[in-house]
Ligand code: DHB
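The form predicted alone is given below as one chain in C-alpha cells.
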C-alpha cells in the first residue's frame, strides 16, 4: 500500500517548524536551503514509498561516508562538482565572459604549501620505478591576451600506482612529491618535469564504491594533472588536463573531462629534444597554454575560499 502525506497542511507546517522558519533567530539563508532540501526529501520518501529499512540503510551509508572522509569523493562521483561548473559556465555566458581554458572540478586531494620556484620545477623525486618522464610547458595569458609574467601555477598529480603524496596509504611518497607551485617567468611561461601519471579508482569496498556499484557504475578515473592558476586582477582558474590516449578519457566517474582539456602527448626520442631538456632518454611532452579571465566588478565570483583543503 502506498500512502502519501506530503501535501497535508500539517506536513507543510511541520517542515516550516523543522527548518526554523517559524523562529526569529538563526540564519535566513540556512533556513531557506534546509527547508528546500527537506521538502524535496520528504516528497521523495512519499512518492517513492521509501521504507524505514531503506531510509536507515541510507543513514548508515552517510555515517560511513563521513567516517571515511569520502564526502569529497562521492560529490564528483554523483556529478555535483560538474553541475557546479556548468552553472558557473552559464553565469559566465550571461556576463559575456569566454573561458578559453575551461574550468573543471578540483577533486579532494589538493595540499597547500607546495615548494615554489620560478619558471621551472621538477615535480617528482625520481623514485617511481615505473615512471615515464614527462615535460609539460606552456604560457599563461592575461584576459587581454598578453603573456602573464608572475602568474602562479599550482600543479599536482598522482604516481603510477594512482596515489597522491600526503594521501598515499603505503607511506612511500615524500611530502609534496609531484606537487609544486611555479611562478611564470617574464614571458608568462611555466615548465615542469615529472612522470606521466596513471589513472586510479575509488578505494575498493569503500562506501563510495558501494553506491557506484549499486548504480551500475565504475569508480575509475583517467590519468590527469590538476592545476590552480591565478594572477593579480584575474579570477583563479581551477582545472585539470587528461592524458590523451587513456581509455577512460570519456568515461571518467568524476565527469571532469571537458573539450579543450585533453592536449596531445608527443613522444620525443630524438637526441636534440633529449639534450635540450637535459634528459638521458626518451620522454613525453605536453604543451598546454592557459588563459585567465578578468575579475567581475573587481571580484573573483568563482573562488571558493571556504572549501576545506588539506594542509601539510
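Residue numbers count along the first chain shown, from 1. All figures in this text were calculated on a predicted structure; none of them were measured in a lab.
The form predicted in complex with ligand DHB is left out here; the points below concern that form.
Looking at ligand DHB in the model of the complex, residues 108, 221 and 240 each place a heavy atom within 4.5 Å of it.
With ligand DHB omitted here, the record of contacts in the model of the complex names 251-259 of 44-52, 270-278, 251-259, 31-39, defined by a heavy atom within 4.5 Å. Only one of the listed residues (229, 123, 184, 202) places a non-hydrogen atom within 4.5 angstroms of ligand DHB in the model of the complex, and that residue is 202. A heavy atom within 4.5 Å of ligand DHB in the model of the complex is found for one listed residue only; from 147, 131, 138, 72, this is 72. In the model of the complex, ligand DHB sits within 4.5 Å of a heavy atom belonging to residue 76. Applying a 4.5 Å heavy atom cutoff to ligand DHB in the model of the complex picks out 164 as the lone residue from 141-179.
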